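Quick setup: one chain, the form predicted on its own, written in structure tokens, and binding and motion questions come after.
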């Protein structure tokens, strides 16, 4: 939209959260609360954005990586009107309309914001506010209307009379105001109230006193304007959001065997005909391809799965990539930097970190693969360990194509095994091995017949 600015209020501590973390940094669907509101507003393509920060300002700024907005410090939290007034320098010379929204209202939709702006401009209003009707309006400012049902003023909960508290229409705390009206009006707001704060809703009364138009848009779904002030409210909203996210993916062709125990963050994507079992978490920017199968109790963070990948029961994947047709688990752990080729098998109690495995390679049992590159069609036997750390720094290993590593082998990095190498069972490899070679350690096998019976007799205190 042309000539639109945005102010996001994110300075409060949120004392009812009982947290050292700023309220707007608590996460919903894996995303800090204020980023939900900010991203919705960014869809309007505003020419200027200011985010007001105060408590935990540095942490809030670090949560956003873009450079398309201005950070405004509210040194003292003196109320919402004071917070918006702090953004005045950011909007010097700006003559358009300014959208104001709270950083703790995460479910606001961009379409609602567009409708609010359209309503404001259609009525040529000085200020337009979003309202909603709630069954339980406790905690919200009430919309007081005159005999003609026009907005007369807004009364905050703490300043409302018993009669006013019965009003169900409430102020959502989201406004659009003409910049030439907004900042002069803010300078006139008084702190003569029970809280001794400068209330942003008072600009409505100022506009009316000047004979200017005050408009409103009533939101269809009250959840859009619901703020979060407590952990309980956060949990309820998380559940509501998860139900919405899960319905979306099921509508797009994904099977969730138990939606009530499936947690999918907003940044995750899933291909059609994928089947996801119970107790699965898809976090961050996880990408799941088509026709994948996740048996259950999986925890994926920023992972990428191509098509037809099978995750068996109880696996953890973090910042890794798995190519088509691979089978992982059960009880496997893929750590950051792992990159698995097509049809790779990673079995039970296998851990991989910064490991790159070529197509068709298998490590099916009890193995640690760290800082290693392995070629195609190799087989890593049970109990194999790449020893990549000497207590001071990490070292890399390279294993070629079609290599067979016997069980209980130890590969001491830095080391290179060529193509077609055989590593005998229980071998410790400390030096590079050329293509096609067999590497083994000499260990003499000894036999003592009758040893068990002699041991038993000794333990009983008798000799045969």
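Residue numbers count along the first chain shown, from 1. Given the structure is predicted, the values throughout are model-derived calculations rather than measurements.
From this point on, the text means the form predicted in complex with a small molecule, which you will not see here.
Proximity to the small molecule in the model of the complex, taken as heavy atoms within 4.5 Å, picks out 103-111 from the listed stretches 103-111, 214-222, 307-315, 341-349. Contact here is defined as any heavy atom lying within 4.5 Å of the small molecule in the model of the complex, and by that definition not a single one of 286, 355 and 371 is a contact residue. A residue is said to contact a partner when one of its heavy atoms sits within 4.5 Å of a partner heavy atom; residue 16 meets this definition for the small molecule in the model of the complex. In the model of the complex, the small molecule stays beyond 4.5 Å of every heavy atom belonging to residue 277. With a 4.5 Å cutoff on heavy atoms, residue 156 counts as touching the small molecule in the model of the complex. Contact annotation for residue 381: none of its heavy atoms lies within 4.5 Å of the small molecule in the model of the complex. Listed residues 255, 229, 209, 187 were compared with the small molecule in the model of the complex; 229 is the one with a heavy atom within 4.5 Å. A heavy atom within 4.5 Å of the small molecule in the model of the complex is found for one listed residue only; from 361, 386, 74, 128, this is 74.
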